[in-house]
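Only one chain is included here, represented as structure tokens and corresponding to the form predicted on its own.
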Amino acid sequence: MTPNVRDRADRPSRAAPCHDAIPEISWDRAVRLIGGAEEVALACHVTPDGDALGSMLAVGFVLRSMGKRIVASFGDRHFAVPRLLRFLPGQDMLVPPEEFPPVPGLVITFDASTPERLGLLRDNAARAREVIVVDHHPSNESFGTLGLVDSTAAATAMLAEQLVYRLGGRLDRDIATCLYAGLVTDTGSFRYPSTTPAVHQMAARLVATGLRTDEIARELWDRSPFGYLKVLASALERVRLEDGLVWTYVTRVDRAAYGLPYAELEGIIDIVRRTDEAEVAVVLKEDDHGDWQVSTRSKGAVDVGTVCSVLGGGGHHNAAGYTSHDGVVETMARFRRELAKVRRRSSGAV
């Protein structure tokens, strides 16, 4: 079943959140730009999570039903959909970065707070005539020519759903699967403080299409190769607790011993963050190029989004990240310094 973009009488516009942070004039301009384009290039952030890839594919379904030529991608040097997300429908829309239009007419980005988060597609987007940015990160740098950005939205998927409706589309099982993956990913399966009544209302709309939420949950959280357990054991063996901060790291050598792809490391931070004695959790993950991808979490008292923004990344108050080109020792030293500054400001100290 595909969305019927012509039957606007069936469009559940009242059921969708209004997202007042985005002016109506911006939504209207986005619809006009998309309506006037023959080809639309879609891009999400590198190493995509469920919110980035799910939001992009959901909108891609609607655009394709409108008769648009669709090209969708993300700018990783080793282009591959993370194993945990291979259940998402619509992946026939995806192309590797080298097949992305070099000078696109219209680009829509999803869940990317900065141009750098587009990776290899950054220059393509910079050359585009129009760039619509769909995002919910407070650290968004307002790049592009039109921003559909609402930092109060729990997930970019909430904005993608609104765009689906405004383009005249309706939810079907494929679109809902993509949006639900984004919603549960960025709300921690409805456990994070961002889980509002609007989040549950959206979930109800998506589930009403006939989703198997148990199957989606199993794909996202309840599967891993045996090597993950071995790498996790190494990370937990190294874990350190110091002054309300718990942290550890995973090297390329750790992964290579078990043939474990980098994308399989995402869940380690959720185990480390459980530590009762720590307010902030950090996991350093060495990628295939020798850089350290730093994932951070806070239980609420510390704004790790601010810390990561200073260090070249970004995110949310309770969940953020950045890339470090230094070693473990220097990376953690810089993080501690910036963390101390944020703690002093939050406590009112000079």
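This is a predicted model, so every value here is computed, not measured. The first residue of the shown sequence is 1; numbering continues from there.
The form predicted together with guanosine-5'-monophosphate (5GP) exists for this protein as well; it is not shown, and the discussion that follows is about that form.
- Looking at Ala41, you'd find every heavy atom of it more than 4.5 angstroms from guanosine-5'-monophosphate (5GP) in the predicted complex.
- With a 4.5 Å cutoff on heavy atoms, Gly315 counts as touching guanosine-5'-monophosphate (5GP) in the predicted complex.
- Shown alone here, Phe61 lies farther than 4.5 Å from guanosine-5'-monophosphate (5GP) in the predicted complex, counting heavy atoms only.
- In the predicted complex, guanosine-5'-monophosphate (5GP) lies within 4.5 Å of some heavy atom of Ser113.
- Figure note: of the listed segments 53-61, 288-296, 29-37, 66-74, the one touching guanosine-5'-monophosphate (5GP) in the predicted complex, with heavy atoms no more than 4.5 Å away, is 288-296.
- Every residue in the set His137, Ala320 and Thr323 has a non-hydrogen atom no more than 4.5 Å from guanosine-5'-monophosphate (5GP) in the predicted complex.
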